[in-house]
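This document starts with one chain, in the form predicted on its own, laid out as structure tokens.
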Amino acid sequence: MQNKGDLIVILGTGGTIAGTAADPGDNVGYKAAQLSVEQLIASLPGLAGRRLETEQVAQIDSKDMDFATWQQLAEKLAQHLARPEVSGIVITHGTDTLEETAYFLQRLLNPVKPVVITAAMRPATSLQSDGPQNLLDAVAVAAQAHVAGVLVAFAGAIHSAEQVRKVHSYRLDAFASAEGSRLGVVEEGIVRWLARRPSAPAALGLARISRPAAQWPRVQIVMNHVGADGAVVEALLAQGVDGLVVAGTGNGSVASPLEAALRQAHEQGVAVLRSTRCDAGPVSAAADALPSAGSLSPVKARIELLLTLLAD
């Protein structure tokens, strides 16, 4: 009889890691989310000695991730985290919106056990698929009893949900941590930590997302660029937007016509956050400027604003 506290739950959501292609040499023309999480596990003899449990939460390409799936995933995650026999959880996901799901789950639940999200850049049928190794590494990280929070295990590196970003469209090591702050590495199944994760804000809790997903606030991202004006903001206002994040240039700078439109939206009750389209670095707060998103990327600032508005 095995001891309690050593069970790792693997939740499947689809993605390239579960994708297939007719030609094993085709790493682009594949269809995502074709294999179940059970099939992925069955193909990995390296997991034979682990106490595992699998559940298919969704089966989608992560470019199509939506609020309803987030809601379901968060609820499932909370249920499994509450089980005393569960030591950690792995989530298989697509790479396109992985960083958004990771941040959403971290802010909502701030898990006291390891929750490790992994994915792949190549489909399961590829001649050199990266999914199997990423999944093995994710399980190794999830088995770390002293670890807490949502992490990303990918291409041998371990990232925090707050810092991880997809930085390449095709390369196998497609993810990096902002400011180079990765937390650790996995080497031949051995986890080696490089840094301690900073303290995270308290969990917002599932009650924050209790309303039906179709009723969640509408938060959109607009970008500053040469010749940017307020037309997009005005169109979004006409459609009833609830929040706006601007991906500013540099230190969150915004062209005057776009800034004027954003200020008008803010005066009309629309929540506004100012981020940057730069790959890293915070946006400085200033008394005469639109509210800063701090060091959050535009997509993570959108999630932060969404969760804030859900409290109303």
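The numbering used is simple: start at 1 and walk along the sequence shown. This is a predicted model, so every value here is computed, not measured.
Unshown form predicted together with a small molecule; subsequent notes refer to it.
Tyr30 within 4.5 Å of the small molecule in the predicted complex, heavy atoms = Within the cut-off, so yes.
Partner contact for Gly12 in the predicted complex: the small molecule, 4.5 angstroms, heavy atom | Outside the cut-off, so no.
Is Ile158 close enough to the small molecule in the predicted complex to count, meaning some heavy atom within 4.5 Å?
-> Taking the distances in the predicted complex, the answer for Ile158 is no, it never comes within 4.5 Å of the small molecule.
Exercise: Thr95 in contact with the small molecule in the predicted complex, heavy atom 4.5 Å = Yes, Thr95 is a contact residue.
In the predicted complex, the one of Leu236, Ala74, Ala176, Met121 near the small molecule [non-hydrogen atom within 4.5 angstroms] | If I apply the 4.5 Å criterion carefully, the residue I get is Met121.
So which of Asp66, Asp26, Asp61, Glu55 reaches within 4.5 angstroms of the small molecule in the predicted complex, heavy atom to heavy atom?
-> Contact residue from the list: Asp61.
Using a 4.5 Å heavy atom cut-off, which stretch among 192-200, 211-219, 176-184, 113-121 contacts the small molecule in the predicted complex?
-> So the stretch in question is 113-121.
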